[in-house]
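Only one chain comes next, encoded as structure tokens, the form predicted on its own.
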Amino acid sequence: MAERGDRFRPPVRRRVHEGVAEQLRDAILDGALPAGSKLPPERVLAERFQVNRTSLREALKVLEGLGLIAVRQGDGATVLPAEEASLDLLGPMIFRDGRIDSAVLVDVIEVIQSLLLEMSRLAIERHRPEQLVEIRRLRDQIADSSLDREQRFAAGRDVIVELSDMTRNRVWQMLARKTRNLLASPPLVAARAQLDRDPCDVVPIIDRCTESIEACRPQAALDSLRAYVEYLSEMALSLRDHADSERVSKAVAS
């Protein structure tokens, strides 16, 4: 662990334990602390991070809550497989330390695509007229150039939640909110800021969808929502391509 400990530095965040937890989290996700390995003793970690034992223990509780480690009295902290961890980790799994993990991003896209398409089908079947009014309100926010880009992306994320509410299915509603939180997480906001994408691209898609629902053309509405999901996936893949091209550029420059 001596070499791996070199990556740790005194945290600079206002809440010290969060800075410690973040660095340990990233070390686990990067494989520097593999599943099944033991974290160094509390005393050693506290010295490396230059924090007191109380802050260190609070950081370990954060990691335990995320499902990244198991702490047993007298046996220390053991790193758990990432597959056992909380979905709240998806944001930093995709984007951390200014880097995008392309493999994780593609995995997430596969799952979200399938989920959103099935949810959209139910939303079209079960919608109420007033919910289309809300979709159009969100559409107007997306199109409002007086708002900053991330605010308009936020309205696009809220469309996903509104679609889940249209299904009247609590599990879809929970999953949609998890998806919205993932897309709004600081790591993905930071990753999205690297791209020159306009949220307005989805406005015509939303218009076609609402018009088709009102005209009782469910298949046309579903085709429009499929285009919306594909746009979200395409934007996510653009993040991957941007990251890959940056890595190539840096490799050539060095």
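As the structure is a computational prediction, the values presented were derived from the model and not from experiment. Take the two forms, superpose them, and find the largest set of C-alpha atoms that agree within 1.5 Å; that set is the rigid core. Sequential numbering from 1, following the sequence displayed.
Quick note: we don't show the form predicted in complex with the DNA, though the next part is all about it.
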If the cut-off is 4.5 angstroms on heavy atoms, which of these, 201, 42, 30, 207, is the one near the DNA in the predicted complex? 42
Proximity to the DNA in the predicted complex, single hit among 226, 217, 197, 61 (heavy atom within 4.5 Å): 61
Taking the partner as it appears in the predicted complex, which of 207-215, 50-58, 184-192, 22-30 has residues with heavy atoms within 4.5 Å of the DNA? 50-58
Mark residue 77 yes when one of its heavy atoms lies within 4.5 Å of a heavy atom of the DNA in the predicted complex, and no otherwise. yes
I'd like to check something about residue 122: if you look in the predicted complex, is any of its heavy atoms closer than or equal to 4.5 Å to a heavy atom of the DNA? no
So in the predicted complex, does residue 146 come within 4.5 Å of the DNA, heavy atom to heavy atom? no
Though only this chain appears here, would residue 71 touch the DNA in the predicted complex if you measure heavy atom gaps against 4.5 Å? yes
Quick check: residue 137 between this form and the one not shown - does its CA shift reach 2 Å or more after fitting the rigid core? no
Would the C-alpha of residue 50 be classed as shifted by 2 Å or more between this form and the one not shown after rigid-core alignment? yes
Is it true that residue 75 shifts between this form and the one not shown by 2 Å or more at the Cα, once the core is aligned? yes
Given that the shift is 3 Å or more, do the Cα atoms of residue 69 and residue 178 end up closer or farther apart in the predicted complex than in this form? closer
Compare the CA separation of residue 70 and residue 178 in the predicted complex with the one in the displayed structure, and answer closer or farther (the difference is at least 3 Å). closer
